[in-house]
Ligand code: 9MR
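First, one chain by itself: the form predicted alone, in structure tokens.
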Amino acid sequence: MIFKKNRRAVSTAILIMGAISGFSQSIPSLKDAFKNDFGIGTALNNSQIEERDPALTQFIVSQFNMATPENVMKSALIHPKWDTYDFVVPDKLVEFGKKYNIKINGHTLIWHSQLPSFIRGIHSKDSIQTFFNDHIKTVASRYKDNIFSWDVVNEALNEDGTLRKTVFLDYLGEGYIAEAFRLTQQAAPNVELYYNDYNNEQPAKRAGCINLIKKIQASGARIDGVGIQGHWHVGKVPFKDIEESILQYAALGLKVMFTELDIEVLPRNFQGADVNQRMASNPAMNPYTAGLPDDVQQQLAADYEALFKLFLKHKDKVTRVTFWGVNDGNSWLNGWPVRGRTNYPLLFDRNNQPKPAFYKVIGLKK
């Protein structure tokens, strides 16, 4: 009896410590629940990659089997100077994946945003071409045996489906996208290659995305999948457009994935995820500093449940669902498009505790 009491006391202490650290062994696992359906991923920041919080690391490993770096592989950070690359944290990400059997999706090789500062001083086609070629070959070849996939090109389209005006389009022309896939295929022949964008489930942008994919395929370059980011707003998730997009992209012979999933609960006067768009801060834009009202919490749960029903319906086409952040406190939506807000877009709260949305999603597998 003394042994049993002590064992109970130890167990209680462990649960208390788990609650304090935000981790509990009793939480069901997303990756286990959907292991026969599709991968479950998250975005990782520097602190998480470097395992500064062991309890958080344990939580991440328990819930996710895929990961995308939030920032560390973007060109401004991994290629800060013309002749300098910084692989320190990206290498740690690769080791994290190996250590915990988590597949790493590289993000991203070619993107018009978060470019190195030296790009602003370049005004010749030859120099842009040199940067473009060297960056893809150097980064992709370094990780060719250590990551699962690359977002080769990110957000190259306008909302109407036309090509976004970028330094790459201006200097290299429309063929730069197919060329990026060709170069990446050469540098990392065994890595899956994706195009990634937001709002590409919307009809006009989807049509442009399909046209872009067909041009890549016609060029002879390989493209394996398309990522729909999935930055949506509570109560306004476009389920019909999402399903139609899954069907149309899969019809091109591509894998379909949801790569940056979160559901915004705060007010915003535009749709999408253009990091260059900002809104002024005022109290009306940050209404839930003391907590999320129950009606909003329930709508968020209903939206996530409906989304995962749709993903499961098409699990033969959908290969991965990645949340853009581990918990609400990590979400980029706390700082964009308004700085300093308190947002609640994910399945886990700021203490890594499951929200009603989590249980709705897990409940689909019971």
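In this text, all values refer to a predicted model and were calculated from it rather than measured experimentally. Throughout, we count residues from 1 along the sequence that is shown.
There is another form of this protein, the form predicted in complex with this ligand, and it is not shown here; the text below is about that form.
The contact with this ligand in the predicted complex, taken as any heavy atom within 4.5 Å, belongs to Gln114 out of Gln186, Gln114, Thr138, Thr84. Out of the listed residues Val167, Val94, Ala273, Ala178, Ala273 is the one that sits within 4.5 Å of this ligand in the predicted complex by at least one heavy atom.
Partner contacts here mean any heavy atom within 4.5 Å of this ligand in the predicted complex, and among 186 to 194, 232 to 240, 291 to 299, 106 to 114 they occur only in 106 to 114.
Contact between Glu70 and this ligand in the predicted complex is found at the 4.5 Å heavy atom cutoff. Among residues of the shown chain, Trp324 is one whose heavy atoms approach this ligand to within 4.5 Å in the predicted complex. Within this chain, Lys74 lines the site of this ligand in the predicted complex, having a heavy atom no more than 4.5 Å away. Among residues of the shown chain, Ser149 is not one whose heavy atoms approach this ligand to within 4.5 Å in the predicted complex.
Contacts between 142 to 163 and this ligand, taken as any heavy atom within 4.5 Å in the predicted complex, involve Asn154, Glu155.
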